[in-house]
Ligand code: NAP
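Taking the form predicted on its own, here's one chain by itself in structure tokens.
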């Protein structure tokens, strides 16, 4: 994998923690130059220290994905430096508040949609020309294929993930006939801050860390992965106890 991915360039959002951070480390170890995007400067700096300690290279981009013009500037900066983008992982996401729809504050709903849907559309809009310039542009976004898509109290988050799924599949259809692809990946339940917020009574010790899925994601961002428009569920789900998936 090291030789295959050496010299490639990847944008990873939500890179300061969770799945984004774990994947950024995995990509860097495989020789990829990681453009790490997150709101928290401290988290990005810690990621950079770890990447450098392992001999990798990263460019830190501390932006709030709700700042849409900043996403446009990101695309312009990547074009000026590399002229292409090989990989995009949309791992950033927010839960909002688990509450009845009638009690959900408008600003919370708007933030969930802004981060989980609108920002990803803006990333596609900004980075699509760069992905098409790669010999194998790969875009991957995190999905949630929970068996209860209409679960009570999770309305904002579930709606945002449903919208993201339609967005990515539409984009994948537009990429047919090109060298680029776009897919969705459902990692299943992991020990993340977002899950802990949504399920405060759950025993986190029963969950695996985000690092467990990083190799799968790195593989799906690699040139030899040619699926397009697919929803891929993590292989580890097959071995999970009933009720945990």
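Positions refer to the first chain, counted from 1. It should be emphasised that the depicted structure is a prediction, and the values quoted were computed from it without experimental measurement.
The same protein has a further form, the form predicted together with the ligand, not shown here; the description that follows concerns it.
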Does the ligand come within 4.5 Å of a heavy atom in each of 72, 81 and 179 in the predicted bound form? no
So, residue 45 and the ligand: in the predicted bound form, are they within 4.5 Å at any heavy atom pair? no
Is residue 122 near the ligand? Define near as a heavy atom within 4.5 Å, in the predicted bound form. no
Since only the chain is shown here, I'm wondering whether residue 194 would be in contact with the ligand in the predicted bound form (any heavy atom pair within 4.5 Å). yes
Check whether residue 188 has any heavy atom within 4.5 Å of a heavy atom of the ligand in the predicted bound form, and answer yes or no. yes
Which residue, 143, 136, 108, 163, is the contact with the ligand in the predicted bound form, using a 4.5 Å heavy atom cutoff? 143
Of these, 127 to 135, 85 to 93, 72 to 80, 165 to 173, which stretch puts a heavy atom within 4.5 angstroms of the ligand in the predicted bound form? 85 to 93
Residue by residue through 49 to 82, tell me which have a non-hydrogen atom within 4.5 angstroms of the ligand in the predicted bound form. 63, 64, 65, 66
